[in-house]
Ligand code: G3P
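Shown here is one chain on its own, the form predicted on its own, set out as structure tokens.
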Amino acid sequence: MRTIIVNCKNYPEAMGEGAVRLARAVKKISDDLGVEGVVAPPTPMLALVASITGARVFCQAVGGEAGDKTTGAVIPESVKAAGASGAMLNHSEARVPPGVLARLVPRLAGLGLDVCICAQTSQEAAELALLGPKYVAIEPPELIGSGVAVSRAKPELVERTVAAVREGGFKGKILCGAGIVTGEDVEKAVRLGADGVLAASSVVKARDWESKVRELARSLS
């Protein structure tokens, strides 16, 4: 089963009740088309979205702090208690030091939370895949939000990443992100070896969320 993860970031369209509506759209389309749909709502909406939509929900970022006296920190244990299914780590907008990642991935896994770990280069992707996340996403930062898909602008990067990660023995899913806008972008990513895509503004800023998610997800099935 291929995967689409929708990262809502902190776009105003996905604040409050918008996060609920978007998550419901992702779940509906994933159920209709038989693909894995995941939504990462703004962090304050995590528990609400997880509890009332039935969608598969990820936290956008998690810190490595531990213990009770961690005011303001988003720690794995609170993500689990909120009802999330997993977390994204090391997005270009929320980079995490390698040593922290090495501790966080098994900590999240020990709580039963899946991890999508982002990388900017094929070498970084291959190294981070060795930590054992469920998903590795290649996302060159210069293309994020550009409307120019990495699968079109840098197909060789996707191919190199797939080869490098698989050569290291990774059995999870490899996702392609940055600039994913159309179904054609998704089809190209799949032809290059990706198991799915990571999208953000192309979905959240769309006038019709259900239609846009369906367009992208249909190209995965």
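Just so it is clear, the structure is predicted and the values come from calculations on it, not from any experiment. One-based numbering along the sequence shown.
The same protein also exists as the form predicted in complex with ligand G3P; that form is not shown, yet it is the one meant from here on.
Original post:
Going by heavy atoms within 4.5 Å, which of 85-93, 106-114, 122-130, 72-80 lines up against ligand G3P in the predicted bound form?
Top reply: Looking at the partner contacts, the answer comes out as 85-93.
**OP:** Could you confirm whether Ala178 comes within 4.5 Å of ligand G3P in the predicted bound form, counting heavy atoms only?
**Re:** Ala178 belongs to the contact set for ligand G3P.
Subject >> Leu101 within 4.5 Å of ligand G3P in the predicted bound form, heavy atoms >> reply: Although ligand G3P is absent here, Leu101 would stay clear of it in the predicted bound form, with no heavy atoms inside 4.5 Å.
Subject >> Any non-hydrogen atom of Asn7 within 4.5 angstroms of ligand G3P in the predicted bound form >> reply: Yes, Asn7 sits close enough to ligand G3P in the predicted bound form that at least one of its heavy atoms falls within 4.5 Å.
**OP:** Answer with yes or no whether Pro97 is in contact with ligand G3P in the predicted bound form, where contact means some heavy atom within 4.5 Å.
**Re:** Contact check for Pro97: no, nothing within 4.5 Å of ligand G3P in the predicted bound form.
Subject >> Any residue of 184-209 that, in the predicted bound form, places a heavy atom within 4.5 Å of ligand G3P >> reply: Result: Leu198, Ala199, Ala200, Ser201.
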